[in-house]
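What follows is a single chain, given as structure tokens, in the form predicted on its own.
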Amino acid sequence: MTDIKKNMNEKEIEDYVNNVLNQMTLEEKVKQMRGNGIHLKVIMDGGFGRRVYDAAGSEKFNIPPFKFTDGPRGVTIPGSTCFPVSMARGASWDVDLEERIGDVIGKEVRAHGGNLFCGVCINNLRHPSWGRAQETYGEDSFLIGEFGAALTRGVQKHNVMATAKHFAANSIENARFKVNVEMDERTLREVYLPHFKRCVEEGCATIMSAYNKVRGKYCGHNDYLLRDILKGEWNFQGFVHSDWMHGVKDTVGGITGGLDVEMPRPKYYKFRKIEEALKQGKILEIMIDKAAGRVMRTILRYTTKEDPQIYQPNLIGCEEHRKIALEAAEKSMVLLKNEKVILPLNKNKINKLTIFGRLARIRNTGDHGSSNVNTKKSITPVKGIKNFLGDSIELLYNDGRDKDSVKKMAKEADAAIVVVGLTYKDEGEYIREFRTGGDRENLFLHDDHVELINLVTNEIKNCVVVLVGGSAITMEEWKDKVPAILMTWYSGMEGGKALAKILFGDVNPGGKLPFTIPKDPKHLPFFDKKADEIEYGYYHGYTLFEKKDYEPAFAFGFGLSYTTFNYSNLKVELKGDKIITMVDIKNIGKVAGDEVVQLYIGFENTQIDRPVKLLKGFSRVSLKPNEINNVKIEVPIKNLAWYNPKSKSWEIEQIRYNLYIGASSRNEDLLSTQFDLKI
């Protein structure tokens, strides 16, 4: 076999792979469709995520294996940069930042010796009880798709294959291995697939199938999802691999369903089983050729490209990468309440500051499952605030266990910070053996956390509650007692430093909620973490709240700032195949800040059942005091389409549309106008 040259074009790759397939034995082809004994390496390492894991490849034919690691919080191998969780990054509404995070991850994958990143998690947050909510970007398909595409772009700059997962409708954790998800065609096409299509359009190299069933078929066996839609309609050119375990249930089902690679080891894609299925006529050899060919072509597209740089081990977790993790933490935190302008805290008016809560002193970067980035360098809230203040203010800490000491220290303080929320024990990937993670039982804080808030606020009014978690936390029983609430998420290795800078005004919070926080959890869709079967409806999140006229506690897209922005001079025009919107944003406050400009399209005049409005564009802008920025957002007209199940096509209504632009999805935060669409 001739040596593979660098920078092969598509035709050269195609010719090479076809030549290889003509020479390979059946067993050699099958080896391209499975992991290479990864489970043994995990056992040897004493756990998952200690190294990159290889699959496929052929030394004989000069085809490198793909070597993968997990995410999305960063590369899961010890020493890597630990970013805020994806939900936090979604709250930044900064796709340029997400692409830079992908750039860092791509570099660190390569420095670890890998070439595939299994961390573009883009499942839709149907219900905030979902245990792995922190791994995605929010409840809106458009927002999720733009962030998934950005992460894909960044990662793949460094010849690292990006995997979008889990395809599809994976939004329950505890029952993920068995649950059957039913939904109508519009719901599938308009709510649960567009973000995957967006990543395919961006060129993501691979897709990971989900564990659950959709309409009675496991996703790894689902020919409608994998063959008809993904590879057929969307013309996806990469390969599809299963989730880590139990993603394939039988040999014939997987191969006929369109699953190209069984991970992490061959259980059903063993040579003898495939050979037997071929003899019985249950599968065709062309299916094996196509699957093996997809894998080899994809590998060669990335491994034969010239690298943009050299990837030395000293890149891993370096200072430059930590700075981006810090920026992400700063931009993601959402100020939910700030009565009497408690924040930012004024160092000159505080002599004694007390921090309460056990979460303030522990490393709490999120889930301990497959997304865990094992780092000992994360900065806790206490450490971050202490480093920021130095000796300028007396800083005290109380874990909150002793009620009398809590009351005494709160009464004596000039200001108090109460850190409460969740950990990997409350939410995350469900690992039954370790009794960690899983879907949440409810959306409330633990009773002892609520009690701590009440104890402190009864003694001191100058109090800030800092929330930690990966999804919505309801706060109706205590939020009116607290003047300031800051959602900080699982904020990565630099989270404590970012928190201190926001609390004391060095950074102005500009994050916005990527989901709706309900007043009453009964307003959310039905959720059963033990379900054998469940139906997903067309509405959830803000589309459900607006359709039913429910009032949320905090709306989708909401977030406060230390400054004030004014919107004016809204203009819209149709130009070619785009809707072009322009609006003036002015910072009318006294400090610099970031604003997330959100554009929604309304369907008041529709003749079919559609949401009140949908997010169709956004832009994060930075403004100095008195600065004005004319923000331009373009929306492709095709993005207004709905899926017609009868014609099996996307259709655009020729109606008058409403256009909204502003600071959140709330009506009071939006300017509006209308436009007529004539195609």
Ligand code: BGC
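Fair warning: this is a prediction, and the values are worked out from it, not measured in the lab. So that there is no doubt, residue numbering starts at 1 and follows the sequence shown.
One more form of this protein, predicted together with this ligand, exists but is not displayed; see below.
J.: Let me test this: is every residue among R176, M208 and D243 within 4.5 Å of this ligand in the model of the complex, going by heavy atom positions?
T.: All of them do, each having a heavy atom within 4.5 Å of the partner.
J.: I'd like to know whether S370 contacts this ligand in the model of the complex, with contact meaning heavy atoms within 4.5 angstroms.
T.: Because a heavy atom of S370 falls inside 4.5 Å of this ligand in the model of the complex, the answer is yes.
J.: Classify F66 as contacting or not contacting this ligand in the model of the complex by the rule of any non-hydrogen atom within 4.5 angstroms, answering yes or no.
T.: F66: no contact with this ligand in the model of the complex.
J.: Is there a heavy atom of L513 no more than 4.5 Å from a heavy atom of this ligand in the model of the complex?
T.: The answer is no: L513 has no heavy atom within 4.5 Å of this ligand.
J.: Does the 4.5 Å heavy atom contact test between H127 and this ligand in the model of the complex come out positive?
T.: So H127 does not count as contacting this ligand.
J.: From the list E146, E429, E546, D94, which entry has a heavy atom within 4.5 Å of this ligand in the model of the complex?
T.: Checking each option against this ligand in the model of the complex, the one that comes within 4.5 Å is E429.
J.: Which of K107, R89, K497, K165 has a heavy atom within 4.5 Å of this ligand in the model of the complex?
T.: Residue within 4.5 Å of the partner: K165.
J.: Specify the contacting stretch among 554-562, 448-456, 68-76, 274-282, defined as having any heavy atom within 4.5 Å of this ligand in the model of the complex.
T.: After filtering at 4.5 Å, what remains is 68-76.
J.: With this ligand taken in the model of the complex, which residues across 287-314 come within 4.5 angstroms through any non-hydrogen atom?
T.: None of them.
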